[in-house]
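In the form predicted alone, a lone chain appears below as C-alpha cells.
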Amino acid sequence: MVRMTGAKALVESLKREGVRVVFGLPGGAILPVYDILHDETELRHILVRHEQCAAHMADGYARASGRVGVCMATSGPGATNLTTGIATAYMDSSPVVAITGQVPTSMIGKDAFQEADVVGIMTPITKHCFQPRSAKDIPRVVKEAFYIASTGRPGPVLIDLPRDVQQLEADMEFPENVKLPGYNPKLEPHPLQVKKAAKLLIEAERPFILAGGGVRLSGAYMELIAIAELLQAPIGTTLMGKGTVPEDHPLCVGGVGMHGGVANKVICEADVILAVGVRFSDRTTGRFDSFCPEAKIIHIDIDSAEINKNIRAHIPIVADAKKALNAIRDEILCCTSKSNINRSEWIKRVKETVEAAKGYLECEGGKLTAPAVIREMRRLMPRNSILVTEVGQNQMWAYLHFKALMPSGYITSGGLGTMGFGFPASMGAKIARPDLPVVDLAGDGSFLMTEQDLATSIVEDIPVTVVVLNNGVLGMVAQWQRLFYRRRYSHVHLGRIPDFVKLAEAYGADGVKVENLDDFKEAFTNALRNDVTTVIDVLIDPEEDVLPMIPPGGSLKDMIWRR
C-alpha cells in the first residue's frame, strides 16, 4: 500500500490503465486533480475550449485506436457540457471514461455553487456511474470503470469525484483484477443456435449479410469476409458498420438505410439475412413492419437487449460477433464443402442490380458538386487514412460516395446524429493515429457548432484537414423542407457567414476557398501534406439534395432516387 491523496491515486490509476492522453477543461471542483497533472510527464493533457469537444475528442480517440478515451471536466456546467458527447458515445457503443469534479460530499444536495446531479443526469446515457465517497475507493473504481467501458458492448462510464475525496489521503491499494458478480458479458455463442444458423444459411438461395458497428467493435473483419466468400453472399453495411468490409470488395454492395443506395434493393430480395452487430435502427430499416418481411433473420449481437427489440429474429445468437461468425463458418464447413455452395445465379442478379443503379449515383463531370468533391477526396487520400464526418447532408453524401477501405477509416456520429461531432472527433483520431492523414468532412452548419476548438488544434499541434461543404443553409433540414414541406424554408438560412478562410487564419490555421473542382484538387492535395490544420471552404449549391433517400415513414422499397 502507498499513502497518497485521492487526486494522486486517480492519476496513478489512469497511468496503470495505459492512459497517455486526457482531454479536458479545468474548474474549481476538479482542481486537486489538475494540481497533480501540473507535474505529470507521462500523461498528456489536451486543453479544449468547450467540454463537449473533450467528450467528442475522447470518443474519436477511442474509435481510431480501439482503446478507452478519457475526458475530464469540473462540476456543474462543466459536467453538463460533457453530456452531448457522452450521449453520442453511448448511442454508438464507444468506450469512454468521463471524469467530473463534484462539490464536497458535505455540500451534495444543498444546491451548492456549480452543483449538478451529474450521476442522475448521466445514468441514462452511460453503462455505469460511480461517485466514490472515500479516497481509498478510487483505484478500485477506476479499474472497474475501464473494465466496464471496454468489455461486452462498449460504452461510456462516469466517475464523479467530490472535491474533498480528491484531497483526502488514504493508504491506496491498486487492484490487478476486477470482480463484478452482476456483470458477465456473454461471448460464446450457443452451439444449438450456431447449428440452426448454419443450416439456414446453407439452404438459403439468396443470402445477404448486414454488417453493423458490432463487427468493428469485435474486430471481426476477416471473419465477416471469410463467411461472405464461403456463402457467396453480398454484404451491406449500416452507417456504423461502414468500413467493416473494404467497399471495393466485389461482394460489398454499400450502405443500407435511409440514404442507402443499391444495397436497399439487394436486401429486399434476400431470403435469409445474417445481421451481425446491428441494432436495426429505424434509419437502417425504414418502417419496422415492412422490413424484408419475406426474409428469415439470423441476428448476432453481444447485447441481448437488442434481440427482438425492433425486428423479430428467427434465430437469435447472443455472443461476440467474431466468435459467432467463426463458429457458424466452422459448422457450415462441417456440413458441406465449399465447392458444394453455388450461388452463381444470385450473384449474377446482384451484379445486374448494381449495374442498373449506377446511373443514379453518377457525378456530372467537372462540376463542383458534393459527390464530386467526396470522390476526389477518396482518390487523393491514402488507403489507410481516416475520414471523420459531421452530421447532415455531408454525412450522407459520404455514406453514398466515399468508399471506406479500412476498418477504422470512417468515423461518424450514428445513433444520436450529433452536429459538431466531426471536428473534435477528428482531432481525437489524429492524437490516436498521428501517422495517418485525418480529414473532417463538414457542413457549414455543423462545423460552426465546435469551430472554436480550432484554437486547440493549433496550440496543441493537432493538424487535421477540414473540408467544409458550404451551402449557406442547414442543408438536411432545408432538403426536408424542400421535398416534404412545399419549399417552406423556415429558419435554415445561414448565409455565407462567416468567411471560413478568415476564421481559420484568425486561429492560426490555414484557410483556402475553392469554387471549382480543379482548385479543390490542388487545395486538398496541399492540405494533406500540411503540418498545420487547413480549412477548405467549398462553395456548393444550396439546392443540391442527397439522393437516393427513403421518405419519412417509408420502407426500403419506397426510395426516392431522383428529384
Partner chain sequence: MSEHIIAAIVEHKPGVLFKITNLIRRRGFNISSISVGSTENPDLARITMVVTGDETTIEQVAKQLQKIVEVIRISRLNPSESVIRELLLVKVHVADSRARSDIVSYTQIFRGRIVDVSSDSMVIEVTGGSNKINAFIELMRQYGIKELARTGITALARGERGSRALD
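As the structure is a prediction and not an experimental result, all values here were calculated from the model. Numbering follows the first chain given and starts at 1.
Below: the form predicted together with the partner chain, not depicted.
- In the model of the complex, the partner chain lies within 4.5 Å of some heavy atom of Pro124.
- Though the partner is left out of this view, Gly366 does not reach within 4.5 Å of the partner chain in the model of the complex, counting heavy atoms only.
- Contact check for Arg343: no non-hydrogen atom falls within 4.5 Å of the partner chain in the model of the complex.
- Among residues of the shown chain, Lys309 is one whose heavy atoms approach the partner chain to within 4.5 Å in the model of the complex.
- Across the options 75-83, 257-265, 219-227, 298-306, residues that bring heavy atoms within 4.5 Å of the partner chain in the model of the complex belong to 298-306.
- When the partner chain is considered in the model of the complex, only one residue from Phe146, Phe280, Phe291, Tyr90 comes within 4.5 Å through any heavy atom, namely Tyr90.
- When you look in the model of the complex, the only residue of Ile374, Met419, Leu448, Cys129 with a non-hydrogen atom within 4.5 Å of the partner chain is Cys129.
- Within 4.5 Å of the partner chain in the model of the complex, a heavy atom is found for every one of Gly120, Arg153 and Pro181.
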